[in-house]
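The chain below stands alone, shown as structure tokens; this is the form predicted on its own.
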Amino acid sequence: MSYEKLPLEPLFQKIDELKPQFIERLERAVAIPSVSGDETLRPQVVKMGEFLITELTALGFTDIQRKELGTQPPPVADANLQLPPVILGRFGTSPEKKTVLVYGHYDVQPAAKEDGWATEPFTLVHDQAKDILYGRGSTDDKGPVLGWLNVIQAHNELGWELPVNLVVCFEGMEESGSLGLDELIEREAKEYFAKVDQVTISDNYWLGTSKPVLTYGLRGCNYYQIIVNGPGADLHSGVFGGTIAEPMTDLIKVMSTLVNSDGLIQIEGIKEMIAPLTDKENALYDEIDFSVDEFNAAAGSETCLHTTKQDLLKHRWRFPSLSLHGIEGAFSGTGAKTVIPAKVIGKFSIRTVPNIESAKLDQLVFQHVEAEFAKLKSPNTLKVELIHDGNYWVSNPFNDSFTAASKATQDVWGIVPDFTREGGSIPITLSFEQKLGVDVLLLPMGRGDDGAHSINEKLDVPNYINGCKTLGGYLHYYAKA
């Protein structure tokens, strides 16, 4: 792809010069354990929001607002638990310029050293030899969120005017279903977001470890729980084992019917909803730069279910998947404990693709789970619930924003990026697109082996710094589009 290169070298040099400050900013952010899924850490999530407000203020953002979202709906232990605020801010309000809204999230997944981390998860560790930053949230999503702030700092220190008006929207509940954000976008569509021309999100990753990508499609995610209730209290297996119906036995029986060992969903009716794979779409997978060996390395094992890149990518992007995530209420500590849990809750999710309808999927899941439980003829009780859902998203990879992002990527990395879909979910992507009526671009910073949601989450320093250059370059190329 040929393009007219913009004179951005001074900006890129300034970003290189500011690298120590950018790493220090990320270090301060990672130190805040903003785990949205842990109610006891909710004050830390709020603290992270306040950290961003302080940073935005120092950089010269205006109209900074802390949007409260109210009480978190059940299931929660604390009925009065408040949702973290959404942080909004503006940099520039020129009517002559395009306005770009950038979205990111400041909450993170749970992490503890005993989970298997090599370092303390909430202490950013710079491995100088490998030039890698380790820490929870480094790549998902604090590094990319701070990347936008770093871009503003670089412009400020250069005395350069930002080529677009920038609006930021940072939330603190993405890892827990983005509760309340959908409603906020709807409320602010004709208010705070009224003049937005485009939305850019940096909350996804390269496909591999060496080639940048731009992402034009995401799977959705429906998250469920199965609750099995039995005796009135936890019991001793030596006294009650073999004499009562145990909830854990029922739950495991039911959960074992959801998916087989080949990763194929066993719930009737889902396969029939999937949009047919056309020959034209099928051919796209042949050209993408992707290594099955690298994928196995990122997983830390030789356990991949598919041997070709085409099959692997289709099952990662194009087909639905069902994953079993855990059992709440069961004994999970070290040693031996002979308890019979009185109540257990199994958690699982389904990643959705075109043309799976969320409501229809829920119906099929509920019917399947209830039918399988009925087969057990158990005196225990079962309830299946949807915890949260988010639809799939597909965009046009040849519009102005994707073209601008491709130019910026080539400028910084010296290579034309691959255009990919992704297996993960960012449900709010669809909300921005539909409620604001604008295009959404997914512009990733991190690599495919960054370990988001896993132990030893990391962000390579070249990706952090060149990622900032790409974000900044994108704003300049998009302004010219």
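Between two forms, the rigid core is defined as the largest C-alpha subset superposing within 1.5 Å. Numbering starts at 1 and follows the sequence shown. Remember, it's a predicted structure, so these values are computed and weren't measured experimentally.
The same protein has a further form, the form predicted in complex with a further copy of the same chain, not shown here; the description that follows concerns it.
- Among heavy atoms of Ile340, some come within 4.5 Å of a further copy of the same chain in the predicted bound form.
- When a further copy of the same chain is considered in the predicted bound form, Gly423 lines it closely, a heavy atom lying within 4.5 Å.
- Contact annotation for Gly241: at least one heavy atom lies within 4.5 Å of a further copy of the same chain in the predicted bound form.
- Within this chain, Gly300 lines the site of a further copy of the same chain in the predicted bound form, having a heavy atom no more than 4.5 Å away.
- Only one of Ala233, Ala283, Ala359, Val394 lies close to a further copy of the same chain in the predicted bound form, with a heavy atom inside 4.5 Å, and it is Ala233.
- Interface residue among Arg90, Lys211, Lys97, Arg316, judged by heavy atoms within 4.5 Å of a further copy of the same chain in the predicted bound form: Arg316.
- At a distance of at most 4.5 angstroms from a further copy of the same chain in the predicted bound form, all three residues Val259, Ala336 and Lys347 contribute at least one non-hydrogen atom.
- Of the candidate stretches 321-329, 135-143, 169-177, 148-156, only 321-329 has residues whose heavy atoms lie within 4.5 Å of a further copy of the same chain in the predicted bound form.
- Annotation for 363-388: interface residues with a further copy of the same chain in the predicted bound form are Leu376, Pro379, Asn380, Ile387, His388 [heavy atom within 4.5 Å].
- With a cut-off of 2 Å and the rigid core superposed, Ser178 has a Cα displacement that falls short of the cut-off between the shown form and the other one.
- Relative to the superposed rigid core, Pro33 undergoes a CA displacement smaller than 2 Å between the shown form and the other one.
- Superposed on the core, the two forms differ at Ser425: its CA moves 2 Å or more between the shown form and the other one.
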